[in-house]
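Shown here is one chain on its own, the form predicted alone, set out as structure tokens.
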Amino acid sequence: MNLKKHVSLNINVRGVEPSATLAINERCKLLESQGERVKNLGLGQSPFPVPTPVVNALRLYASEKDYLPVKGLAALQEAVAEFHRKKDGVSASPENVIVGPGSKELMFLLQIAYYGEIIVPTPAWVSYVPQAQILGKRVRLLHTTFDEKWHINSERLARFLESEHDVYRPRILILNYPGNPDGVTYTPSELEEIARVAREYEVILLSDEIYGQLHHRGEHVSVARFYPEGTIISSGLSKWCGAGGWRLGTFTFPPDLDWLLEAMATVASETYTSVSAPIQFAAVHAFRGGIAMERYLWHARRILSALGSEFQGIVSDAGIRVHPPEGGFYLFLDFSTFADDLAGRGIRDGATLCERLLADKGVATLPGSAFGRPDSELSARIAYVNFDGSAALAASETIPLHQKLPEDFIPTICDETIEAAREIASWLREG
């Protein structure tokens, strides 16, 4: 018997697809359960274990069961503020920190609380735009180019803001660096110029610095240094602390934006109430850092830098346009030089390109269209994290940090990742 379903969906939710990164991960799991061998370069999850001192802290505080303040545990607010004071050289205060169940949720709350449009340079992380669409917010995409290093520059930003003929329209510009999906970052001078334009037009900056501590040379600079009164710094435990599944993110506001912080806290009080108590207590130890945390970060940076550079070298030698990685664990591949050859194989867009890579070589990637790029663009993101992070850390710890990793380290420890790079290169040659 067929029963008719009566479906009533919010119009803003209709047509919104599941997060591309989560969807590709589920697809890889399904293929593997069917006996397929898949090299999953789709999901951007840190491969490294949560640092031992932080895990031990979670065990210690596992019995904590009370609801904590909506904005977060006071000791954690202080630790986060001190983290940004020490790491980023900004004047951060505990009362201006809010803790949420992942920076992703805090971004959603920010868009709920804020009245105004969202400006997103592309390629951009997969959830910025869908979140805005769900809420019916106006989004303006600023497409960048390979030659611009996937960066928005101050001149172009100024032209865009001026072209709207509404100088003080409420706007938030999202910056993400080191970037997902491109793995590159901004220089201090670029940030200073962007800050100058943002100040002139009274644009709020949401600076997504979740990968800041994975800058490969440990030289991350926050734009809040140059625009302290108008920058919200987004961070959390998922990337630099390897604790994505713990779901803890932080926003650090300037005093002038206290009205926005308070509005977000009100919405939080009516939704998730507060973040898990044991995780907040454990997070204090993560943000306070120390020698063990610093060694963990330097080993992670050294591994990611070496692996990213080797992967980039292989695909670049094959003719793919890609910038050397500077932070995080992503590369954004531009296949445009192969447009004619790929068209001859029936491949005229990024989605088809990624489908064929998966079908022909078992390499799972995500098309540029998932990151706000035009559907017709022959681009793809890879996340070079499909290796055993625990084994890699253990091996790296046997080699002094002042030394480079041996030439056989990456091919041995991260063999499946390097094999995926070679498969991409051979797939192009086979065409």
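Position 1 is the first residue in the sequence shown; the rest follow in order. Bear in mind that the values here come from a model prediction, so they are computed numbers and not experimental data.
Beyond the structure shown, there is the form predicted together with a further copy of the same chain, which is absent from this document and is the topic of what follows.
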Inset, instruction - Sort through 86 to 94, 312 to 320, 139 to 147, 269 to 277 and report the only stretch with a non-hydrogen atom within 4.5 Å of a further copy of the same chain in the model of the complex. - result: 269 to 277
Inset, instruction - Tell me, yes or no, whether residue 199 is in contact with a further copy of the same chain in the model of the complex, where a contact means a heavy atom of each within 4.5 Å. - result: yes
Inset, instruction - Answer with yes or no whether residue 70 is in contact with a further copy of the same chain in the model of the complex, where contact means some heavy atom within 4.5 Å. - result: yes
Legend entry - Distance check, residue 47 to a further copy of the same chain in the model of the complex, heavy atom within 4.5 Å: yes
Legend entry - Partner proximity in the model of the complex: residue 246 to a further copy of the same chain, non-hydrogen atom cutoff 4.5 Å: yes
Inset, instruction - Check each of 397, 32, 375, 64 and return the one that places a heavy atom within 4.5 angstroms of a further copy of the same chain in the model of the complex. - result: 64
Legend entry - Neighbours of a further copy of the same chain in the model of the complex among 99 to 125 [non-hydrogen atom within 4.5 angstroms]: 101, 104, 105, 108, 112, 113, 114, 115, 116
